[in-house]
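Read the single chain below, which is given as C-alpha cells and is the form predicted alone.
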C-alpha cells in the first residue's frame, strides 16, 4: 500500500486540530460566565430603546418613567362594590339568598358539593358532622394514651349541623368561607367567589337534609 505524502499527513493533522477549535470555544463559552454582552446575530427587540422601571424620564412632568394609575380608576373585575357578592351582606344584614348573577339550581348545588368535597370535607366530613379524615387523625394524636402527642394541638372541626351554624344565613356562611373564623383559615385565595357561594348554598342544603320538617 503506497504511503501518503508527508505534506498531506501534516495537512490532515493541522485540519483536524483546527476542526477541534470551534467545539472547544463553544464549550468554554457555555461553561464560563462572561461579563460581556452576548453576541446577537439578529437583534430582534433585545436592545430596543426603552425606559426601565424605577428610572427617570424627562418626558413627563413628574420625571418618572413608570406611570401611576389614573386617579379614580379601578381595574376591571376588582371593584368589589357589590357587598352582597363579595361580603355576603344585603341591606346591612347577612344575605339569605345568592347574589343576583347566580341562580339557586341543581347545577349550582352540584358545583357546591364538588367544591365542598375537595376543600371542606377533609375537616368537616362529607356529611358535615365534623368527622373528616384530617379531624379524625388529629384527634387520635391529641388523645393518644399510649404515647407522646408530639406537641400536637387541635381544635375539633365544628359540625355544620350544630344549632348555631344551622341558623346562620347563607351570606354568613359565605363570609366564613371567605375570611375564616377562629382557628379556621379563609379560603378566598383558593376558591373563586362564585364557588364559595355555591359551597354556602350546598351547606344550607346539607343542613336541611338532616333537619327537615315533614312539611319541608
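Numbering follows the first chain given and starts at 1. Worth saying up front: this structure is predicted, and the values here are computed from it rather than measured.
As for the form predicted in complex with heme C (HEC), it is not shown, yet the points below apply to it.
Legend entry - Contact stretch among 29-37, 64-72, 46-54, 186-194 - heavy atom within 4.5 Å of heme C (HEC) in the predicted bound form: Residues of 186-194 come within 4.5 Å of the partner.
Legend entry - Contact check for 165, 168 and 181 against heme C (HEC) in the predicted bound form, heavy atom at 4.5 Å: Yes, each of 165, 168 and 181 comes within 4.5 Å of heme C (HEC) in the predicted bound form.
Inset, instruction - Verify the contact flag for residue 198: yes if a non-hydrogen atom of it lies within 4.5 Å of a non-hydrogen atom of heme C (HEC) in the predicted bound form, no if not. - result: No - in the predicted bound form, heavy atoms of residue 198 and heme C (HEC) never come within 4.5 Å of each other.
Legend entry - Contact test in the predicted bound form: residue 86 vs heme C (HEC), heavy atoms, 4.5 Å: Answer no; every heavy atom of residue 86 is more than 4.5 Å from heme C (HEC) in the predicted bound form.
Legend entry - heme C (HEC) contact in the predicted bound form: residue 123, any heavy atom under 4.5 Å: Yes, residue 123 sits close enough to heme C (HEC) in the predicted bound form that at least one of its heavy atoms falls within 4.5 Å.
Inset, instruction - Please check if residue 94 has a heavy atom lying within 4.5 Å of any heavy atom of heme C (HEC) in the predicted bound form. - result: Contact with heme C (HEC), no.
Legend entry - Contact set, 158-181 vs heme C (HEC) in the predicted bound form - heavy atom within 4.5 angstroms: If the 4.5 Å heavy-atom criterion is applied to heme C (HEC) in the predicted bound form, 158-181 yields 158, 160, 165, 168, 173, 176, 177, 181.
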